[in-house]
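Shown below, as structure tokens, is a lone chain in the form predicted alone; questions about how it binds or moves come after it.
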């Protein structure tokens, strides 16, 4: 991690930060330490598991090989199948919604709404998270430490009942799968992705294929990445913003210092991993430290008072296209986000959520008052915009195959 640097030795300093993150070094905050066991099947660069078309990672410079579950190795055929399923509306209870309905490519696989609307019209509790580089995420969703794989997480939007997202349940599960099984397109693709299986069209394989497609969503060709690789330049404004971001004044790097610009990052050879969650002072209802139900962070699962308002730090890659921000989409713009952090929390003066988040007793020690003038805020926003990977947002390999 970068602790101190000044001036224009930024390339060297940032490279050091990336090297530290790649070595599995995290930053502080609420959360535990997970020991990652790796082996021959835990995430090598290639592997088809018998499926047609061995997989080869095409990774940006400096990106390590992602960890891949031994029981779901990557293959070209599986990723291809997963892409079709990801964009197929038939994969919902009423046939109206796909995974892509809430994860749109031009928005870095978010949807532009504060919270997302499920297939039955019910809204989710939280903001749709981007999927770029999700292969490097050791924990999925905003505040559920128990969801450790994309395969397990996939069961939530598919089969969840509170809230309903894709709306698949015991009553329609067979019908939805039959919609897929009767398509000649899918009969061919499932057989290619899961060769040797007598009946490859099954829910376990649907989940494995979509998870494989999601792992393939690698983003690492932003203007910033090109600068770090010595293939591009940043403007003076962007350079000043980067200096602030990685410096001790703004201190953004404490929670956003990994190659994915967050503080939970895992890869194929990670051994020790910190998995922090943070209370940023977004709420402090009635001065009690409370967050609005049912959006109270890790507390919703553990019931432990110390976990109230604890959420995962979001990746900042492609952040300029993923508004609105925070776990509940309650902050509209990047400028507003900077004002929130500079103030050391949010003071809500009226309404049911009134309370001074700056004084939340559970707020992370990393969230403190930061004095930034208008130019410095503009510089930081300019730097954050350099994290947009336009190739990723338009890559035909990740696009809707039905269009």
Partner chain sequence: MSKSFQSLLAVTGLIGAALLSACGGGDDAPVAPADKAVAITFAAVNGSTPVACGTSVTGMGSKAVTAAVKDLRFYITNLKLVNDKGEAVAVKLDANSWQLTQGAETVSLVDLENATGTCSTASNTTATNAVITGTVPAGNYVGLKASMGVPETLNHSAIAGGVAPLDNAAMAWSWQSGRKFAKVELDPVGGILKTVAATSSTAAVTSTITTFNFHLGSTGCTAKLDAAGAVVKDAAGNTVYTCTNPNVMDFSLASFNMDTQKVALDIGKLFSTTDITKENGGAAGCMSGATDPECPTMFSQLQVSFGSGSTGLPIAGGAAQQIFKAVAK
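The shown structure was predicted, so the numbers you read here are calculated from the model rather than taken from an experiment. Numbering follows the first chain given and starts at 1.
What comes next is about the form predicted together with its partner chain, which does not appear here.
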item	value
Stretch from 311 to 319, 263 to 271, 184 to 192, 108 to 116 whose residues place a heavy atom within 4.5 Å of its partner chain in the model of the complex	263 to 271
Residue 174, heavy atom within 4.5 angstroms of its partner chain in the model of the complex	no
Close approach of residue 354 to its partner chain in the model of the complex, 4.5 Å, heavy atom	yes
Contact label in the model of the complex: residue 239 to its partner chain, heavy atom within 4.5 Å	no
Residue 199: touches its partner chain in the model of the complex, heavy atom cutoff 4.5 angstroms	no
Listed residue that, although its partner chain is not shown, lies within 4.5 Å of it in the model of the complex (heavy atoms), from 300, 251, 122, 76	300
All of 325, 367 and 384 within 4.5 Å of its partner chain in the model of the complex, heavy atom check	no
Residues within 4.5 Å of its partner chain in the model of the complex, restricted to 125 to 139 and counted by heavy atom	138, 139
